[in-house]
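Heads up, the chain below is alone and in the form predicted on its own; it's given as structure tokens.
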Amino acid sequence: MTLTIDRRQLLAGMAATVAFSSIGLGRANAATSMRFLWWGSKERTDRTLAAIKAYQGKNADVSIAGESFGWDNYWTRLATQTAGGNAPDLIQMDYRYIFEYARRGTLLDFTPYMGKSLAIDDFGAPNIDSGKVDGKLYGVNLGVNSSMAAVNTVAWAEAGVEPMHDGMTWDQFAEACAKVTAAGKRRGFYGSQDASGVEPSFECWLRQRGKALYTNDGKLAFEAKDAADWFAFWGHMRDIKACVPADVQALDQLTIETNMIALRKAAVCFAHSNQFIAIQGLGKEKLDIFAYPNPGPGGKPGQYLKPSMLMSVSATSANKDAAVAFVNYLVEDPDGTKALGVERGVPASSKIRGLLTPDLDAASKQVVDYIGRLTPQVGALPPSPPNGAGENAFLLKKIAEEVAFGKTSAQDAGTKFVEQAAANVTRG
């Protein structure tokens, strides 16, 4: 079976499993065979396949088979495989889930490999510690990342509106987006996506208000009024036609391919900075990248730097040493890191960052520049979300859509979200 991934599959909500073997990538009779599971766009898949091919070119006795899914299906599939005793050797891991998987004993502790086959000392302590759980290293940082606003500068300029810039307030952002829509230069086109169901956007909003998603002991760190205010703000955005209406936003299945810029429905979308490259790759019009709007003078920093994702190895892998060697290749070897580029974030290794930057394409250089501009303004990395928190990202989207479609008020939705989100983390 060969890789079969196309836009139609992705637009179908990533329901179709994208699975492929290593046929064509390595030797059929390789002595060491491993499986690698990741989520992401076609851009990520192409880069990952290139890295695997390059690695197998140097290691003829290793065969790596890959499986790629959309974000939502990925975690269901990983949980199913892990519970069934069929976990992949190599696991793309998210900061949100690493505590859950590590504490269940499903991930390999990298600590004994440090300074040996895993040579990541030049990451610096913060970037190494971002993969630790209870003092042990279960994830290797694949790239430094933050949330961002991506802007279609061509569509924005057509509207004759002053360009977006770092430091805009939420009120200024709303007014500008409404002007883009009102300009009517494109049919069915709006200033912004509706981000009311986007958890990183909600988290940024909370942090700007001195709140957070979760406390250090795994409880909700916000109140119903905070969520109600968030839903009300986006209700205002819809009222003034600054963002897309509910039926359009519902097309977004939390994949890059279905965001409002990719679907040509809006000039602004919110995503993670490493996703900028893939979003730019889906269209020909030039995009730019900016920090989130802020609450104005005296507001707190909402954004922070985080590992865009991590690499983990299954605790039950029969090829632990080989898997660690491949992880090291992805983050410290010039060929491996060049294949991945900065699609998974800006490399944590200063050596690799210096190696890659001169040869980066324009979009990748925009990401590196953005992280550099943002770094002096960010807050601290928040505590890892507790068990059960993964369900809350989907719960936020569900309840935000109920508000947008007029099925409930912002106030009632705030109460409902807090009650159900608290129950999810209590249940774990």
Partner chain sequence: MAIGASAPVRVETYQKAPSAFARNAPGYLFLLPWFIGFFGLTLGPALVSLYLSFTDYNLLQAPHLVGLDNYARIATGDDKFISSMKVTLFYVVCSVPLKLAFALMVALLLNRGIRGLPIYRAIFYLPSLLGSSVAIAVLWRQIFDGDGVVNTLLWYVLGINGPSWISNPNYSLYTLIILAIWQFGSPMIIFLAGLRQIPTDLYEAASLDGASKARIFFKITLPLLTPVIFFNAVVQTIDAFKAFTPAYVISSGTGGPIDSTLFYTLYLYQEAFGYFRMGYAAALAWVLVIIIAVFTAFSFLSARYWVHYDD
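Numbering follows the first chain given and starts at 1. For the two forms, the rigid core is made up of the largest set of C-alpha atoms that agree within 1.5 Å on superposition. For clarity, every value in this text was computed on a predicted model and none was experimentally measured.
The form predicted in complex with the partner chain is left out here; the points below concern that form.
**Q** Partner absent here, but in the model of the complex, which of 346-354, 231-239, 114-122, 100-108 has residues with a heavy atom within 4.5 Å of the partner chain?
**A** Every other range fails; the passing one is 100-108.
**Q** At the 4.5 Å heavy atom threshold, is G390 in contact with the partner chain in the model of the complex?
**A** Answer yes; at least one heavy atom of G390 falls within 4.5 Å of the partner chain in the model of the complex.
**Q** So in the model of the complex, does any heavy atom of W75 sit within 4.5 Å of the partner chain?
**A** Taking the distances in the model of the complex, the answer for W75 is yes, it comes within 4.5 Å of the partner chain.
**Q** Can T153 be called a contact residue for the partner chain in the model of the complex at 4.5 Å between heavy atoms?
**A** Contact check for T153: no, nothing within 4.5 Å of the partner chain in the model of the complex.
**Q** Would K306 count as a contact of the partner chain in the model of the complex, using a 4.5 angstroms cut-off between non-hydrogen atoms?
**A** No, K306 sits far enough from the partner chain in the model of the complex that none of its heavy atoms falls within 4.5 Å.
**Q** By the heavy atom within 4.5 Å rule, which residue out of D134, D217, D247, E162 makes contact with the partner chain in the model of the complex?
**A** Comparing distances to the partner chain in the model of the complex, the residue within 4.5 Å is D247.
**Q** Within 4.5 Å of the partner chain in the model of the complex: all of T80, K407 and R427, by heavy atom?
**A** Heavy-atom distance to the partner chain in the model of the complex: all three under 4.5 Å.
**Q** Determine the residues of 265-300 with a heavy atom within 4.5 Å of the partner chain in the model of the complex and present them in sequence order; the list may be empty.
**A** If the 4.5 Å heavy-atom criterion is applied to the partner chain in the model of the complex, 265-300 yields only K265.
**Q** Quick check: Q81 between this form and the one not shown - does its CA shift reach 2 Å or more after fitting the rigid core?
**A** Yes, shifts by 2 Å or more.
**Q** Following rigid core alignment, is the displacement of the L107 C-alpha between this form and the one not shown equal to or greater than 2 angstroms?
**A** Yes.
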